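Shown next as structure tokens: one chain only, the form predicted alone.
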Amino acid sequence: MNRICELLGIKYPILQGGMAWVAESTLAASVSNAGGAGIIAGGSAPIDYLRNEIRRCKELTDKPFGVNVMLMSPNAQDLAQLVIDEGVAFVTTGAGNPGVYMEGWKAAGIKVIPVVPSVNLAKRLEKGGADAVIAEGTESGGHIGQNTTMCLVPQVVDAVSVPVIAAGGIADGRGMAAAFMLGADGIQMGTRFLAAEECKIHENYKNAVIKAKDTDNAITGFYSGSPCRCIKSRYTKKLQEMEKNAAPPEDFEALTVGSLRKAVVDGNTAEGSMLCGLIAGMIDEIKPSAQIIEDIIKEAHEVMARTYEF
């Protein structure tokens, strides 16, 4: 037990990342049932769909789970109200400051845990009432900042008094132990759960994660100011070529719109965006969420025991 376990009412301080098109009720419930904190991704999905996912998750688990609210999404305001109406235990947020929704969430008893890429934003959100923050390094999949997990986490820990959750480049017990050594109270993992049995992404996408080596990643959108980390593919190569040649914005939009769905649902790994963190090179098998969590907790205990013996 630590501050994150007490805050969220969970057994293990492990959060499952709120990955758009990936993190739905089945995966979230499996993580929560295993003692972690499952999360349903809001993304830009229709509110009726998200309402059904939240209610289905309640049928699959009696443990706490959360919803990720992407603040730049057009449905953010409606989703902010939906989590209140449905009595969700906690929310994680990304791509902005959730201050406009904070009062309503707090009044409803919802814990608020924003994702932060910098010390400055972490301090601002603590002042705004955040219950904890997720310090996410550039090693993570999807949209990324510039600071590494190793550098960001201890600086955020030193800057705020609320619990800090480390994210980015964590996939085993060694990573969890390292996060604790940096001062974090918990970890969030997205890429590791892409290879969970309960994860509903297409088999082609899942196999790409399993087969990925440490160098099989690419960053797109770097020059546009919206960098995004994916598994290398024809899709990422095409985007990088377009960036290099200063292609018009409308050409980028034509290529990227719907690209995540192509990978997740259709299994189109040539034209789809396979969001994935740098840690994929360590993931070589598909396991149930419960086994993933059990293995990580066991290894973290062993690593920390050896450290303290030293």
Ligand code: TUI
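Note that this is a predicted model, so its numbers are computed, not measured. All residue numbers refer to positions in the sequence shown, first residue = 1.
If you look for the form predicted in complex with the ligand, you will not find it shown, but the lines that follow are about it.
Scanning His143, Lys232, Lys206, Lys111 against the ligand in the model of the complex with a 4.5 Å heavy atom cut-off leaves one residue, His143. This chain appears without its partner; in the model of the complex, the one residue of Gly128, Gly183, Gly87, Gly96 with a heavy atom within 4.5 Å of the ligand is Gly96. Taken together, the three residues Ala28, Leu60 and Cys199 lack any non-hydrogen atom within 4.5 angstroms of the ligand in the model of the complex.
Interface membership of Leu152, defined by any non-hydrogen atom within 4.5 Å of the ligand in the model of the complex, is ruled out. Using a 4.5 Å cutoff between non-hydrogen atoms, Pro117 counts as a contact of the ligand in the model of the complex. Using a 4.5 angstroms threshold between heavy atoms, Leu121 counts as touching the ligand in the model of the complex. A residue is said to contact a partner when one of its heavy atoms sits within 4.5 Å of a partner heavy atom; Met72 meets this definition for the ligand in the model of the complex. Residues of just one listed stretch (155-163, 77-85, 207-215, 134-142) have heavy atoms within 4.5 Å of the ligand in the model of the complex: 134-142.
Along 267-284, a non-hydrogen atom within 4.5 Å of the ligand in the model of the complex is carried only by Leu275.
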